[in-house]
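A single chain, nothing else alongside it, follows as C-alpha cells in the form predicted on its own.
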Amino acid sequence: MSCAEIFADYALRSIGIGERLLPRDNFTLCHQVVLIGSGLLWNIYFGTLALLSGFFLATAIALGKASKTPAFRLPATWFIFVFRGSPLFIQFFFAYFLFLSLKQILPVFAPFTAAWLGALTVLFLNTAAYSAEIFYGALLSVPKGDLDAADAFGFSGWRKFRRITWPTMLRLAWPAYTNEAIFLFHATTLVYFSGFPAWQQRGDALYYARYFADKTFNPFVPYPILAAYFVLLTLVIIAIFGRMNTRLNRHLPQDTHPKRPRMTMMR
C-alpha cells in the first residue's frame, strides 16, 4: 500500500471513518504516523471540551472559595481538595466503575460508561479543580486600588465583577492557566490507559502507539512519533494562549506586557 492509500484508509479511523480493522503485519512508518495521528483527534476532543467547560466551573468554584459564606466556601474548598489530592488515573478508574454501577440502577447513565462522555466528565471536573485554585489565587491578588477605584466610579455587584475583578483575575492567572491547559491535553493520554475501554479499537494516540509497540516489539518508533505529535500540539496551545494573553493585556504599554508563560511543573 502507498502512503496515500494508508492515509485514506486510516486517517479518520479513530472516529469510525475508514478501514475498520487495524493492520496486523507489515507495519510501515506511514502506518504508525497516520494511525497515531488519527488517535490524536480523541486527545484534542477530550482536552478542548474539558478545558472550555471547566473554565466556567473553575470561575464559579474560585468565587465560592473566596466567599465569606461557609455554604459556598466549604463545598468549593473540598471539591478542589478532592480532585487535586487524588491521582487522575485513580479518578478515571473509580469513575468508570461508578458509572457502571449507576447504569444498573438508572439506564440514563449508560453513555457515561463510554469514554466520549464518562472520561470527558472526569477531565472536566479535574481541570476545573486545578483551574479554580489558580483563579482563586489570582482573585486574592487583584490590586485593592483597582477595586477602590471601581467603587469610586460607582461600580458594584455584577458590573464591578465583569468590568474590573474578572478581567484582572484572568490577566494575573493566564500564565499559570496556560500551563494547566498544556498538562490537561497531556493528561488525556490516560483515558484509554485506565478503566475506560476503547470501542472497536478506536482509541487515542497513546492507544495506537502502544498497539504498534506491542506488535513490533520496538517502542522506539511509535513513542517518539507520539511525543512529536504532542510537542506540535503544545506549540499550538502556547500560540493560541499567547494571543489571548496579548488580548487581555492590550491596554498596557507594549514593553510591560507579561512574557509568555514558561512551562513550569504544576502537578
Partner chain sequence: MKTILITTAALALTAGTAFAGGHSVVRLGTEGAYPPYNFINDAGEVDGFERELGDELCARAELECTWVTNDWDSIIPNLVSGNYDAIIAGMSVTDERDEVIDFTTNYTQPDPSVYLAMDGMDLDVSAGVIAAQSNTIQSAYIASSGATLVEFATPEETISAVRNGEADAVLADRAYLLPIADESADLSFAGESVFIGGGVGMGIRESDTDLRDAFSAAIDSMKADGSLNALIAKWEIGEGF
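Positions refer to the first chain, counted from 1. Keep in mind that this is a model prediction, so the values were computed, not measured.
Keep in mind that the form predicted in complex with its partner chain is not shown, yet the notes after this line are about it.
With its partner chain omitted here, the record of contacts in the predicted complex names 188-196 of 68-76, 149-157, 166-174, 188-196, defined by a heavy atom within 4.5 Å. Among residues of the shown chain, P219 is one whose heavy atoms approach its partner chain to within 4.5 Å in the predicted complex. At a distance threshold of 4.5 angstroms between non-hydrogen atoms, L252 is out of contact with its partner chain in the predicted complex. In the predicted complex, its partner chain stays beyond 4.5 Å of every heavy atom belonging to L117. When its partner chain is considered in the predicted complex, R247 lies well away from it, no heavy atom lying within 4.5 Å.
Site residues Q201, Y207 and Y211 are all in contact with its partner chain in the predicted complex, judged by any heavy atom within 4.5 Å. Taking a 4.5 Å heavy atom cutoff to its partner chain in the predicted complex, the contacting residues in 5-39 are R20, L21, R24.
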